[in-house]
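First, one chain by itself in structure tokens, the form predicted alone.
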Amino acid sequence: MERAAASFPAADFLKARAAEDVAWRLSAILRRFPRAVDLSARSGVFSQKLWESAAAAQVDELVEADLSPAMLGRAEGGGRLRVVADEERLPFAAQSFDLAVSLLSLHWTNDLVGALVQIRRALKPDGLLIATIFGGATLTELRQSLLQAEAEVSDGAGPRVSPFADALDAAGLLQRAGFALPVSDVDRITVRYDHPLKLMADLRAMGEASALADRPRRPLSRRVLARMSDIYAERFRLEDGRIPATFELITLTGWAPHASQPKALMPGSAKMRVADALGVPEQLLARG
């Protein structure tokens, strides 16, 4: 991520989209968040989108945190609080914030649930977390093309694209970390490129090159890259001649537990039958 600090502003379109979406979500919540933290500040994209949106009036103070000092150093504007912080070892006291935001950075953690636990502890009771992570369909075209090309050209294929969270299990991650009222939803984006190598250049500029510990140590050869480009075009080329790159953005929303939050009723405590509530006759299932 340090190496991508200079190039990131030229390839921050996914970050900007996620930031605009979160700012819109906040504006629809009828409450204030006096003290907030952006745990994935990078070059300050969320801060810019927040202050430009209707949600700006809901936040008094925003702390910008990032694992990369170089990224924080490039954040635009002055007078904001900034801190270098690891999401798995947050330097904040318990119950420090009313709102925590993390945009497209949690997939870099070694222990995602552990990082979510750290965030929950940093939130005040009834504090809100909104996080956007990459879903499992992200870069599926590139993943398939690289695996096939490397298997054909070299002695074997290894993982070159980082694994991402399964959209179906996303809300469960929040539950395991102790969040209340967990919700997840998916936004699938298709970005068109003239060539697969331009996609790979964007990924490097974003700081999203693979950081897998067990990734193959040998660099991709020109033969593998050429074959990958051919496979990508053969299998996925669009009618206009360009190639698609899928990015699946999963937005997670969860609240730090508080006594005032609604709770599910105990099984068997219902006072009305479902059939009565729906106004339909009750039908018994036949036993075989």
Partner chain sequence: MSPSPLKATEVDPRLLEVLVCPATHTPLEYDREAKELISRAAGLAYPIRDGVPVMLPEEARTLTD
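Positions refer to the first chain, counted from 1. Just so it is clear, the structure is predicted and the values come from calculations on it, not from any experiment.
One more form of this protein exists, namely the form predicted together with the partner chain; it is left out here, but the text below deals with it.
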query	finding
Contact segment among 173-181, 80-88, 198-206, 139-147, judged by heavy atoms lying within 4.5 Å of the partner chain in the predicted bound form	80-88
Contact test in the predicted bound form: T109 vs the partner chain, heavy atoms, 4.5 Å	no
Distance check, L67 to the partner chain in the predicted bound form, heavy atom within 4.5 Å	yes
The partner chain contact in the predicted bound form: V186, any heavy atom under 4.5 Å	no
is_contact(I243, the partner chain) in the predicted bound form, heavy atom dist at most 4.5 Å	no
Stretch 108-140: residues contacting the partner chain in the predicted bound form, 4.5 Å heavy atom cut-off	Q118
